[in-house]
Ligand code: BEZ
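The form predicted alone is given below as one chain in structure tokens.
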């Protein structure tokens, strides 16, 4: 049975103000591609019956459930209370908790030893690009892993959504608007940059790839607005609804030639996939 160290579920105010407050129902209804396209990542993890696995940034729990279905004992954690509430509703038999990925500290309640490494693997999909403090996350992952444990992750890599971001910037310039400060904690590292961080914290990189993954958004013409309203919510809150609506329309105009195909918006995703092992047997 997993037990979180008291106090680590608190989310720092500064970090929370920079990032989205997630609409978990909207996420499941219109953005299922986030976890559906990561099925192969579970195959890379190769969970085994009886293993203890941490799903870091579990969202609404779809991949947590898939890992548990392989017989592993899984703890799903996410800093979003909304996401965790939805995960618990969908998968009441599984264990979930609210946790900031930069503050990974665990203990085994069976033996009463605080801070002990307890996981055979840490798994993470589509979350680490939201956290610019990559070194803090990796340090926590290393602490949480048993010797010989593995870290398998996929998230936005170098060049991710570069065409969309360029459209954002052109839209701000065209409208004479200023991009909101302090609301873009994007971390899109290269293979070399992230591998260096992993090795610095004692994790040996055995697999690493950066690849294009063009992603079709749901709901046709409305797809890009839906995406912006979910994944760039804090942008819009800082701008106010009237300015936000004008900006979204201008982003659509700026990006249509490159990103709208056959009646759908197709985003220029690039993903970084990593598998690394902690030293030990």
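Positions refer to the first chain, counted from 1. Bear in mind that the values here come from a model prediction, so they are computed numbers and not experimental data.
One more form of this protein exists, namely the form predicted together with the named molecule; it is left out here, but the text below deals with it.
Visitor: Does any heavy atom of residue 211 come within 4.5 Å of a heavy atom of the named molecule in the predicted complex?
Guide: Residue-level check for residue 211: no, no contact with the named molecule.
Visitor: Using a 4.5 Å heavy atom cut-off, state whether residue 273 contacts the named molecule in the predicted complex.
Guide: It does not: once the named molecule is placed as it appears in the predicted complex, residue 273 has no heavy atom within 4.5 Å of it.
Visitor: I'd like to know if residue 160 sits close to the named molecule in the predicted complex, meaning any non-hydrogen atom pair within 4.5 angstroms.
Guide: Flag for residue 160 set to yes.
Visitor: Determine whether any heavy atom of residue 269 comes within 4.5 Å of a heavy atom of the named molecule in the predicted complex, and answer yes or no.
Guide: Yes - in the predicted complex, heavy atoms of residue 269 and the named molecule come within 4.5 Å of each other.
Visitor: What is the one choice in 102, 95, 143, 129 with a heavy atom within 4.5 Å of the named molecule in the predicted complex?
Guide: Filtering the options by heavy-atom distance leaves 129.
Visitor: Among 57-65, 44-52, 225-233, 246-254, which stretch has residues whose heavy atoms lie within 4.5 Å of the named molecule in the predicted complex?
Guide: Checking each option against the 4.5 Å cut-off leaves 225-233.
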